[in-house]
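Two forms of the same protein chain are encoded below as C-alpha cells; each is given separately, as structure 1 and structure 2.
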Structure 1
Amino acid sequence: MSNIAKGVPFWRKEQFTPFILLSPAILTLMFVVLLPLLFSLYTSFTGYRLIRPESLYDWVGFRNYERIFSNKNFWIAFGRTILFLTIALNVEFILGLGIALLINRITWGQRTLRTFMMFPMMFSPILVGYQFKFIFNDNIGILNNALQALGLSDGAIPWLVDKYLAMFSILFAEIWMSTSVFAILLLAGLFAMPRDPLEAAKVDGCNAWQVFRHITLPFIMPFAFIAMTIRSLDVARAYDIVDVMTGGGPAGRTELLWTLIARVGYDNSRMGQANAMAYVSILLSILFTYYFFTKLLAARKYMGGAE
C-alpha cells in the first residue's frame, strides 16, 4: 500500500528507527539486569550453595521462601527496613521542605547555599558511612569528645553499639545524605511557582499558612513525588552505610533486609535462600517506586503541565 516502502530496507524505515536507537539500552539491560534476575529467580527455587556447585540443579520448590517466611530474623530485618524507610523518607521530606522554604526566603547568597546543599547528594554512601562511623565512634569520635569537653556526658556513649542509638546513628547518616534530594527539588518547585495564584489567594483573604497549605503545597507536591521516585530508586544505597558503620551488627541489631541478603548469600554462601530474600527486596523497591510514580502522574494531571 505504501509506495515509499518499496526499495527501502526495513531498518531505514521511520517506524523502526526508535527501536534501533533503543536497542543498545534494551540489550544492555537485558544482559545485565533481566537475564541475571531470571537466573536468580530460578536459583531461589534451588538449594544452591556457592561451595557446592552441583547444588544449582537441586530443585527445592518453594522451600527457600517457606524458610525465610518462617524465619524470625528475616521478619525482624524486613520490619526494620520498612520502619527505616518510613522514618527516613518522612523526615527527609519534612526537613527538605523546611530547608527549601528557608533558602527560598533568603535572597543573598542563595546560589551558594544551593550548591552547598548538593554536596551530600554527591557523596559516596560509603563515605557518608565512614564519616559518621568516625564521628559517632565511642572512643575517638568528635561527638563524644565534644559532649565530654562540654561536660554534657562523662562516659563514652556507645552510639554504634547500643541497639537504639546505632539505628539512630544510621538513620542520621542516611538522612544527612539524602535530605538534599528533597530540598533541591522542592526548591526548584518553589522557583517554578507562578506568582499570580499566590497574589490571588492573598487578595481572597488567605493568611500565610492558608496560602502555603492550599496554594504552595499542592503546587510543589509533584516535585516532592519526583524526589520520592528518585529516592525510591536508590533506597538500597543504605546498605553501603550500614555495611561500613555497623556491618549489620552488633549481633544483628541494625540488620536491614539488604545486609541480611549479603550475609546469607556471601558469608553463609546460601545463594538459593539469599536470592529468595533478594526477590522480596526487589518487590519492595518496585512497590515503592511504583507507588510514588503513580502519585507523581496523578499530581501532574491537575497541575496541567503534562501533555
Structure 2
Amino acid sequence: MSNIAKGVPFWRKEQFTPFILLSPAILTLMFVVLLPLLFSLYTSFTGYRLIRPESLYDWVGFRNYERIFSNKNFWIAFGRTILFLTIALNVEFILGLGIALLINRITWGQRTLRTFMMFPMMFSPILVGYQFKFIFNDNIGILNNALQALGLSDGAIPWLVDKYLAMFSILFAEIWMSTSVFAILLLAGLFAMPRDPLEAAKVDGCNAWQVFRHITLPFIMPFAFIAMTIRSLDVARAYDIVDVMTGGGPAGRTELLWTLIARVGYDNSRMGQANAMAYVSILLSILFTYYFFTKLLAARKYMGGAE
C-alpha cells in the first residue's frame, strides 16, 4: 500500500485536496489584488509618469512621500476627508438609529418597510451622483424649482458652485445612499435583543429614556460599530459621488483624498506620486478600522461578550 501511495501524483493525495480546491480563488486574488498592490507600492518609490513609460524604472526612493508630506493641498484634502468621514458617519448613525427604532415599533407592514429601506444602497454611487447632480442643478434642478414655486427662494441657489453648499450637497447624497446600512444593522440588533432586561427595567419603574440609555443603546452599539467599520472604509474611498457632482470643485473646495489622487495620477500623469498618496490614504482607512474595532471589542466586553 505504501508503494502504491508513493506512486500517486501529489495533486491526487487527500492532504492536498483543500489547496487544490482553493487554488482558483488564491490565483485570482494574486492576479487581481496582490500583484497590483505590489506594483503600485513599487511605483510609489519611482518617478513613474504615464506619458513616459521608461520612467517606471526611475527609482527615487522616498522622494514622492517627502513631497506629499510637504504638500499643502494634500493635507487640506486629508483634513477635509476626515471631516467628511466624521460628519457622514455620525449623521448616518443618528438617522439609522431613528429609522431602526421606528420600524421596530411597527407591527404592520414591517417587511415592506424593510424592503423600501434597502433601496438607496442598491444604487451605484455613480448613479446616485448623477441623480443628485440633477436635483441640485442651479438652473434646471428639481430642488431650486420647488423652492421657487413655494416662494421660499427668490433665485437659483448655487448648490454645486458655492464652496459650503457644494460640500453639503455631496454629504446629503452620501448620507441618503448609505444611512440604510446603519438602519439594517441596528434593526438586526434590536431584533436580537432579549426581552427580559427590558421587562425587568419597566418593573423597576424605569422610564422609556432610561431603558433606551442603559439597556437598548449599549446592546446595539456593537452592531453600530460594525456598520461604522464598513462605512469608514467606503467613505474614506469616496470618489464616484464627488467626481460626478462637483469634480472636486469649486476651486478644489470639495476635493477629497481619492479625487486628489485621481487628478494627480491621471490628469497630471504623475502616477508614482499618486500611488504614494494612495498608500497614505490606506493608512487612514486602517486607523479608522482599528479604532472602530477596538470600540466594538469594548462594547462587547461591556455587555458581557467574548473579549
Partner chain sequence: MNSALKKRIGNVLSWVMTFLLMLVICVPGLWVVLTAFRPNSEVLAKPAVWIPQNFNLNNFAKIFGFGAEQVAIPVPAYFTNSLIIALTSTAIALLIGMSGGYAFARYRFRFKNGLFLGLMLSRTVPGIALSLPVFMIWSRIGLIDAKLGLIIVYVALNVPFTVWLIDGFFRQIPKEMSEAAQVDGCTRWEAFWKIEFPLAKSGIASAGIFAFLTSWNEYALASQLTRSTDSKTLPVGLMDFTAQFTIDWAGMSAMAVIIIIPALVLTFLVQKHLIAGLTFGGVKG
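Keep in mind that what you see is a predicted model, and the values were worked out from it rather than measured. Throughout, residue numbering runs from 1 along the sequence of structure 1. Rigid core (definition): largest C-alpha set, two forms, superposition within 1.5 Å.
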item: Index of the chain form predicted alone, chosen from the pair; value: 2
item: Rigid core fit then Leu50 CA moved by 2 Å or more between the two structures; value: no
item: Per-residue Cα shift, Ile20, between the two structures [Å; core superposed]; value: 4.5
